[in-house]
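One chain comes next, on its own, written as structure tokens: the form predicted alone.
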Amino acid sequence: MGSFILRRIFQTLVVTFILSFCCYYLLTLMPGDPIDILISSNPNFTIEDAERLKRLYGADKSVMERYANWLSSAVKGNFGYSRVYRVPVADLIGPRLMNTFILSMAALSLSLSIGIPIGVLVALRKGSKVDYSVNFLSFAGISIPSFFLGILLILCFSVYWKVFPAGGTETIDANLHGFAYVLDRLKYLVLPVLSLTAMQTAYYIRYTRSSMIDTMHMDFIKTARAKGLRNSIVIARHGLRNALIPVVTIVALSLSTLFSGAVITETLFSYQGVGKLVFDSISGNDFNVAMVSFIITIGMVLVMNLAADILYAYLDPRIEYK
């Protein structure tokens, strides 16, 4: 297991390096270079001034040279300055990461606590009215676009009923502390979490149901029943544990997606997380912020895939990594 983890970490670093260069190259193709915008905004700039600025910021070098300079600075923890927010990227990305972490963990916890038990329940009652009803609601949850659901939530709970705020992360200039601050943050979390949870829960129900149905018809389940084990033990210890193996992959991928860029949801609700930061940085041609956001996205996907592979061996002792 140790050698497998070391190999996967090495592969993760290599893939991150390759994808970071691809992202860097694609960003260089975006129109609206900051230096060109600066030059065009001042009619007194001459050609000599433009060349001097490009030499100063390294814009006259090749893509490989610029990427090497950026990578060497990033490895040292220097990610540059945000062109839009006028602060170091490291100072900007930290609070946004924490906000997205809170949002994604809340949505994931709620989705799993609802989706897996319901998936097991309908799998054990396959073909019943409960099964058909849950399947219908699951297909509806998967089919509804997240932005449409978010708009419905805002209309219902913010415009008509005025229960929750329509957007934001916390009350501005409220100067709250302790439990009052936590309640204020929770108030702004409710609608984004519900928007993310609806689709994720539907996926977990469908995958858990399908995997549980297949597992409960396997030979080791029949053997466990033949030994006289209680039905609850057969379901929980033998059925559910093996049924969760394919679900782990879905959870790992969905967590990386939630954590590294719920772009639509965070933008719709003006939630100050990484997803909205990606949207704003690309819209404002904020090169350094966009690069760090992409690296976070890549890293989360790769790390969660590694975590899923490790969990496979825990859930099924027959799986060995050499």
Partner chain sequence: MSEEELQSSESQAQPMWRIVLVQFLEHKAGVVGIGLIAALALIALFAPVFSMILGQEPNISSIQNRYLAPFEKPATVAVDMEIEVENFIEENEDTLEGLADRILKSDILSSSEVREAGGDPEEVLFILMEKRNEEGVREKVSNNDLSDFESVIYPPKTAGRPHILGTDEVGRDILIRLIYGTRISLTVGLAVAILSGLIGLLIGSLAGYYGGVWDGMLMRVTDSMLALPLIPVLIILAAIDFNSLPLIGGFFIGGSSESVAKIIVILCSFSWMTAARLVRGSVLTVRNREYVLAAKTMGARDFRMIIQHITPNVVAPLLVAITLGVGNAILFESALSFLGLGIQPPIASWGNMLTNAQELIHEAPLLAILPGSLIFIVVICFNFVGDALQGAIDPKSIKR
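Computed from a prediction, not measured in an experiment: that's the story for all the values here. Numbering follows the first chain given and starts at 1.
Note that the form predicted together with the partner chain isn't included here; everything after this is about it.
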Segment that reaches the partner chain in the predicted complex - one of 112-120, 99-107, 178-186, 132-140, heavy atoms within 4.5 Å: 132-140
Would you say all of V163, A307 and I310 touch the partner chain in the predicted complex, counting a heavy atom within 4.5 Å as a touch? no
Sort through I47, A68, M30, L56 and report the residue having a heavy atom within 4.5 Å of the partner chain in the predicted complex. M30
Go through A174, I151, V87, V75 and name the one with a heavy atom inside 4.5 Å of the partner chain in the predicted complex. I151
Taking heavy atoms and a 4.5 Å cut-off, does F220 contact the partner chain in the predicted complex? no
Looking in the predicted complex, any heavy atom of A226 within 4.5 Å of the partner chain? no
Within 4.5 Å, heavy atoms only: does F294 come near the partner chain in the predicted complex? yes
Look up in the predicted complex whether I144 has a non-hydrogen atom within 4.5 angstroms of the partner chain, and give yes or no. yes
Residues within 4.5 Å of the partner chain in the predicted complex, restricted to 283-302 and counted by heavy atom: F294, T297, I298, V301, L302
